[in-house]
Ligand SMILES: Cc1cc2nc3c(=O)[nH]c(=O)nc-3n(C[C@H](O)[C@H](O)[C@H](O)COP(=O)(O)O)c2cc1C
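Just the one chain here, the form predicted on its own, laid out as structure tokens.
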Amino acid sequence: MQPLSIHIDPTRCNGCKICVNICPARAFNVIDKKAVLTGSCSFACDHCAAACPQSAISVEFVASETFDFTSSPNDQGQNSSDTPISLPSLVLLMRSRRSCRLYQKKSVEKNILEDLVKIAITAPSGTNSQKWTFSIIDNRNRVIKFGAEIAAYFRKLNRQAELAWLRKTLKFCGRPELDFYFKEYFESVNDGLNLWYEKGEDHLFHGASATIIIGAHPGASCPQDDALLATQNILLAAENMGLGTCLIGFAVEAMRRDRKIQTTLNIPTHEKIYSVIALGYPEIAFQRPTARRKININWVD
């Protein structure tokens, strides 16, 4: 977290106590009808400045250019009520996003990829730690190289999974993961590996020209949740920009089990990876939004 500086303008403050009530760290008090910072700000949430009706509080802890977007016009509204988004439009955007597995050869512009990361960090994070990490591959050749590293990991894993004695031994020792993998994933992964090595077909990234890898620095209170919330922001924003996306869970698993893959991407080993997104311009446009199975809600008294 960057150093935090909070300033209160006493000429503007009218002692309304909104900052006192809204601060999750209980860092404010009103003394002599003026707000005073009497505690330590541990959240850096900016709630105090955002809620102050007199604009008496300013918080300086992020670069001013954080939300300067270059791929689309900036929204300079003070809050969401200034330019409301209709709920039907929002839901339609959510329903329109599908996992894309067929991409054009066209590259995604760097400024768009950068803006997607800026949009990602509007997501909430546990205790407002904001310890996300983002690594971007913006060219198809490097995506292929990344895919080759993942394929090599799973080829090794499949060779181990083929050994019945090894699966049984590990299961007997209380480690049934390899046996489960063999039953659930071995065949489909093996088919994908054959296509990769024999025909050069990419059934991992599906021809995507870019990837965004999302992780977290140590110290976040709930890093996986933070990363996945940021991921969802990227998926929805990319859909709105006309991009296709697909989450690549096999890449996350390979990087978790073989840290050398992370090293080849120049991602520090202290970062833990939680999400890999394939991005590109879709080859086919879907004509209708997604459907979902009926959901049963458990109403708790």
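Remember, predicted model here, so these are calculated numbers, not experimental data. Each form is matched to the other, and the largest set of C-alpha atoms that superpose within 1.5 Å is called the rigid core. All residue numbers are counted from 1 along the displayed sequence.
What follows is about the form predicted together with this ligand, which we do not show.
Contact with this ligand in the predicted complex, defined as a heavy atom within 4.5 Å, holds for exactly one of Lys118, Arg101, Lys145, Lys168, namely Arg101. Checking Cys45, Ile267, Ala51, Leu236 for any heavy atom within 4.5 Å of this ligand in the predicted complex turns up a single hit: Cys45.
Remark: Met241 does not count among the residues lining this ligand in the predicted complex, judged by a heavy atom distance of 4.5 Å or less.
In the predicted complex, this ligand sits within 4.5 Å of a heavy atom belonging to Cys246. Although the partner is absent here, Phe28 lies well away from this ligand in the predicted complex, with no heavy atom inside 4.5 Å. Shown alone here, His206 lies within 4.5 Å of this ligand in the predicted complex, counting heavy atoms only. Heavy atoms within 4.5 Å of this ligand in the predicted complex map, among the stretches 127 to 135, 172 to 180, 157 to 165, 90 to 98, onto 90 to 98 alone. Interface residues of 280 to 296, taken as those with a heavy atom within 4.5 Å of this ligand in the predicted complex (partner not displayed), are limited to Arg292. The two forms, fitted on the rigid core, differ between this form and the one not shown by 2 Å or more at the CA of Arg26. Relative to this form, the distance between the C-alpha atoms of Pro223 and Ala50 is increased by at least 3 angstroms in the predicted complex.
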